[in-house]
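What follows is a single chain, given as structure tokens, in the form predicted on its own.
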Amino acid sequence: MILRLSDLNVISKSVRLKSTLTTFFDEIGKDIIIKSSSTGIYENLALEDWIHDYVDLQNRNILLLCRNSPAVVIGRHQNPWQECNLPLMRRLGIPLARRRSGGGTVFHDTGNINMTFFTSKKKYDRHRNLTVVTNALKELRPNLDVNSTDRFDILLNGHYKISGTAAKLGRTAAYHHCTLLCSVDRSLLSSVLKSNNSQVIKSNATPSVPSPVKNLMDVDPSLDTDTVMEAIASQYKKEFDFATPVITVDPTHESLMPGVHKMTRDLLTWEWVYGKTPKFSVSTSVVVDRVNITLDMDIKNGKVERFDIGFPDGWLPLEIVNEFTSTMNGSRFCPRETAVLLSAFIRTNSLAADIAEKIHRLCEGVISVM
């Protein structure tokens, strides 16, 4: 049985609208399984944060299950320009999210199951959580070769990665989340997780570790997301010895989770998604009229801190170069803002056609690594 908290008729029978989800949790028991009704990456990440921040986890275990529409999710300390193909993602309308846990970059779509295991910090145990997942799969298919590794991944047939792990350890609470590939679009996954600019970027950000991947449905078409999710929920109940039904929660329900809307908005901001990138440098070149022009930039908090152009003497007037670099310094390292700055720069400086074309080509070179 599934209790849908997004259904106001059910809510009125089970918990007063003035209560919060934490009150409801206290009423139904110690151990709980939640399933999100949303496939929005920002809403589901905010739900994770809300549970971590507002639910007392000292004597409680919670499993959150969800699936997301296509999205790329980077770890807290990662560099998106280094990790993924941002131009392709922009063309396809695939959002980028930065989670609050560490770890590497992952691609989500509805063929991917996301699991978050919440506990107190003292009871944090990734091996136990992954055993729940592997045991659930073996309950479905006893001959399935799936095992967790010392890196807290799950491998299929000893080689193909079907699950990766990340975690957040708070002062008293913790969560461990992982993915499980059932029927992900592997072609799209491969395309969006391949940066064309990794060779021109120098950074101390946490790098992802590429691995060969495979879907569970590649080896057994019956292992679809609904079947596997149900098996994981069943195994989790068995592991923690409880029988409370799965609760479907709408992560946009502000009255049940006060503050969750702000958490979602915070995850959407440019300052969080891009501005939290550790400082990095970009060194690249662009050929304009068979002349090689070098571009060197330092990026801090997602903004251009230093912008240098290297070119042969006389190729551009120095006063134009100085003004252009001054314009770029302090700007966001993103194509839209750079294009706006370029347009304004050319318009306000009344540049000759050949100079304007050179500046335009330079900007194309800069935008190509954004």
Partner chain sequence: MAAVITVRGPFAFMRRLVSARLHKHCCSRVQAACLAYRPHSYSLTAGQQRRFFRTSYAAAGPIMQFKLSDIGEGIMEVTVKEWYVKVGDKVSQFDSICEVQSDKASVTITSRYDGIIRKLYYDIDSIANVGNPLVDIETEAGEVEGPQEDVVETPPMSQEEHTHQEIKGQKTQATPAVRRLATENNIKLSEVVASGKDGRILKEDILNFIAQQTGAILPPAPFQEIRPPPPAPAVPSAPAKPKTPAPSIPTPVIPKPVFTGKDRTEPVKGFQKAMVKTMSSALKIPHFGYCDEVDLTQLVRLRSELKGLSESRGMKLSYMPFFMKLRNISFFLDVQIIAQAAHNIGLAMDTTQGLLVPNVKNVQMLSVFEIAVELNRLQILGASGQLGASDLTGGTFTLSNIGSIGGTYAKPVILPPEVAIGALGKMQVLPRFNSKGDLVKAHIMNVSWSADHRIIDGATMCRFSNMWRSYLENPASMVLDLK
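Residue numbers count along the first chain shown, from 1. Keep in mind that what you see is a predicted model, and the values were worked out from it rather than measured.
Another form exists, predicted together with its partner chain; not displayed. Remarks below refer to it.
Among heavy atoms of Pro80, none comes within 4.5 Å of its partner chain in the model of the complex. Of the heavy atoms in Phe307, none are within 4.5 Å of its partner chain in the model of the complex.
The shortest heavy atom separation between Thr206 and its partner chain in the model of the complex is within 4.5 Å. Residue contact check for Arg171: one or more of its heavy atoms lie within 4.5 Å of its partner chain in the model of the complex. Site annotation in the model of the complex: the residue of Arg100, Arg141, Lys214, Lys237 reaching within 4.5 Å of its partner chain with a heavy atom is Arg100. The three marked residues, Thr20, Asp56 and Thr348, each reach its partner chain in the model of the complex, with a heavy atom inside 4.5 Å. Heavy atoms within 4.5 Å of its partner chain in the model of the complex are found in one stretch of 280 to 288, 116 to 124, 245 to 253, 178 to 186, which is 116 to 124. Taking its partner chain as it sits in the model of the complex, the stretch 208 to 244 never comes within 4.5 angstroms of it through any non-hydrogen atom.
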